[in-house]
Each structure stands twice: as C-alpha cells, then as structure tokens.
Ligand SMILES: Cc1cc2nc3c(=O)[nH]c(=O)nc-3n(C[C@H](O)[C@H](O)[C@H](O)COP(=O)(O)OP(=O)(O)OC[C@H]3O[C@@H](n4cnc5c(N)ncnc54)[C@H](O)[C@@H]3O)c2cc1C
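One chain follows as structure tokens, the form predicted alone.
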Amino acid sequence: MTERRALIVGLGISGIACAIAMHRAGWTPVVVERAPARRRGGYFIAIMGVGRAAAADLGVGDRLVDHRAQSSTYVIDRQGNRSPGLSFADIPINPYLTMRGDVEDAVWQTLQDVAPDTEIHFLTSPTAIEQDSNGVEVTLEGPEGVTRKRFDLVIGADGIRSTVRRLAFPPELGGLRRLGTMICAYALQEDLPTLPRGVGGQIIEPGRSFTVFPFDDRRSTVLFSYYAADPDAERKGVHSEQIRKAFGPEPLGPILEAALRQLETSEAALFDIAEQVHLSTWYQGRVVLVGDAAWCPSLYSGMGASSGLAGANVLGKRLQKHGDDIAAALADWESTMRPRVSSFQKFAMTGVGVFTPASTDAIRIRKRAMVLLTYPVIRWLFSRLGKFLPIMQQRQRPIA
C-alpha cells in the first residue's frame, strides 16, 4: 500500500494519542501545534477505566500512575473549620488521580519510543482546509511562512475552540453549549492554611465553590467554580480579580486568600467558561475531530482525558480495520464512540450540581448525601451499587 499521511492539529493529550494510534495503524502522522512548545504542568484530572484501557492499547502502560492521597478530604468553611467530606478517591469505580501534565508526558514518551521521527511543527496552524474524494489540501501558516500540503486525512485534536472545527464544519452541525459556570483550575506552589499536603477540602456556597484536590507526592491542585451572568465578560477579565468579585463581598478568609495569591503568579492556570461541544457528526469527508474538539464532556464529567485517549485509540483501530475505506472507518468509529460520549456529557450536568450547588436547599441535600456516604456500610453499599449503574459501567468498560 502507498504511504497514507494524516495531519494532526494539536499536540495535547488527544493529539499525541492520535499520533501513536495512527502510527500503529500504519499511517504517517504529521503534527502541527500553534504553541511554541508542549505545555507543561496543569491541573488535577481523573483517568477512568476507559482511559486506562485505551492507554494500555496504545502502549502507554505503566507510565500512567495513580497519585491519589491516602488522607482525608473535608468540607470546610472560609476559616478552615472542618466536617467530613468525600473526594474523587471515594468514587467506587477507582479512577487514577493525577495531573494533566503527567498524562501528556506519558503519551509523549510513548510516542518518542514508537515513532521518534514523527514530524512535528510548532507555531503552526491551519488557515484553510479544502478536500476532495481523494484527499485534503491544507494551508498552513508557520515560521517558514504559508505552505499548502496534501494529506489523506486531517484530525482536529485542537481543543474546545478548535480551528479545524471552525474551518471544516458548518455552524448548522452544532457547536459550543454552555453549562452556566466559570471554572479556574491550577496547581499550588505552596500548601494552603489548615490544608497540608495530602489533605483535601471543599468550600461549598450557593452558586460558588472551591475544591482542593490533594496528592501525597506533590502540591495540591485547586478548582474554583461559580455561576456567572455574563461568562464572556468574565473570561476577558483578570482571573484573580473576577474570582474575588464572584466570592465577595464577604471576606475571603485565609484559605481563599492564599489560593488567589498563588493564582496571580500561576503560569498554567485554566480560566474559562464551562462548555461542552455538541455536534450532529464528528467528521466531514476526510476531516475528523477527536477529544475536546469533537465533544468536550467538560471538567465536571471527569472524562475529558479518558474520552480523548479512547477516541484516539478507537480511531486508529477502525482505520486499520477498514483499510482504504476511510468513510466506513470514520462511520464505524463514530457509532462506537457516540453512545459513551453522550453518557459522559449527561453525567457532567450532574457534576455541575455536585461541585457547585445553586442554592442553599441544594447544598443542604448535598450535605446530607455526603454525611451518609461517610458511613462505612453506606459506602460499601454504594460501591456495590456502582457495579450496576449504567454510567458507572460505561466509565469502567473499555471502548473497543
């Protein structure tokens, strides 16, 4: 067979995983990334069963490590007073708890092992995409100027505000759907008052929350989440100033104040509108979207990285299975992925209420549920029940 070349736009977790999957399927991946280098650092993420299974298929193997803390998580107030709480570590499906940067490093090192000569261009983005039945002409703008190159397939793994989606997918196919909140996630440089390393906490107030995700072997990461009347205006503002307004006018207290001071010097904070991508199809001809560019289940689902790894892995398998019939491969891939992704996106709607209850009554209901789940017998029953809940099963079962 002649060489088949795939352009992958984006060098994040999904993009690197796609490069591995395409290489394993017998394709030659070419990657472009608009940033000057790979991103470093990041924030807390969970890798669920579908993500771990995909990583194993891709050869990432033991490079994915669970960094969960062994100590407790508490519901706290602004002064640090505690009551029992639950963390991701208490979820009965036993996710890996790690950092976005750790997962990206894991897939990157695997790519270097299996395809070290992969062509990668930084500071480069597509500006036009034109296709016919035999291939795709892509206009690229980068350090060497403007070039036009032809590929057999284009994969958009360039995030929630995907350039590939904007260039190749008409608006009537769908787009971004907002969840009503703002999120800010980043890693701490220092421990917070009353919350030493390994201890987690949550401040839950009507319409706003602050969560500390602990690790035993590194500093904690945090998540601010709050409802916003004008998300676009929020996103344009200075991160720390917008959060101070959202959590005012009450005094912040020592914990929130310390967290916001560290946000002011953070180099890798995520501050954005909480959104999902809803499209009626994830491919157009020979252009396909993967990961957040296609579906973005949102941070509240806990499935962003896992679904990105799974999407890349299954895409490679389907292209290998169907050979030169790219249309059949993409149709097979989407029909396999879409039911799972739909359930992940629905689960995120519940996650918004768990992380950011909208009212005092919602907080009261949440508190009662959390208190019950701290009892050993109830937690055992909950873990057993998890084996029979469809969403739990879908988060555990590999996507093949």
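All values derive from a computational prediction rather than experimental measurement. In this text, residue numbers run from 1 along the sequence as written.
Form predicted together with the ligand: not shown, discussed below.
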**Message:** Just to confirm, with a 4.5 Å cut-off on non-hydrogen atoms, which of 159, 135, 85, 207 contacts the ligand in the model of the complex?
**Reply:** 159
**Request:** Using a 4.5 Å heavy atom cut-off, state whether residue 302 contacts the ligand in the model of the complex.
**Result:** yes
**Message:** Can you tell me whether residue 13 touches the ligand? I mean in the model of the complex, with a 4.5 angstroms heavy atom cut-off.
**Reply:** yes
**Message:** Can you work out whether residue 316 and the ligand are in contact in the model of the complex, taking contact to mean some heavy atom pair no more than 4.5 Å apart?
**Reply:** no
**Item:** Interface membership of residue 44, the ligand in the model of the complex, 4.5 Å heavy atom rule
**Value:** yes
**Request:** Decide if the three candidate residues 125, 291 and 306 all line the ligand in the model of the complex, where lining means a heavy atom within 4.5 Å.
**Result:** yes
**Fill in**
Which of 359-367, 58-66, 27-35, 333-341 lies within 4.5 Å of the ligand in the model of the complex, heavy atoms considered? The stretch 27-35
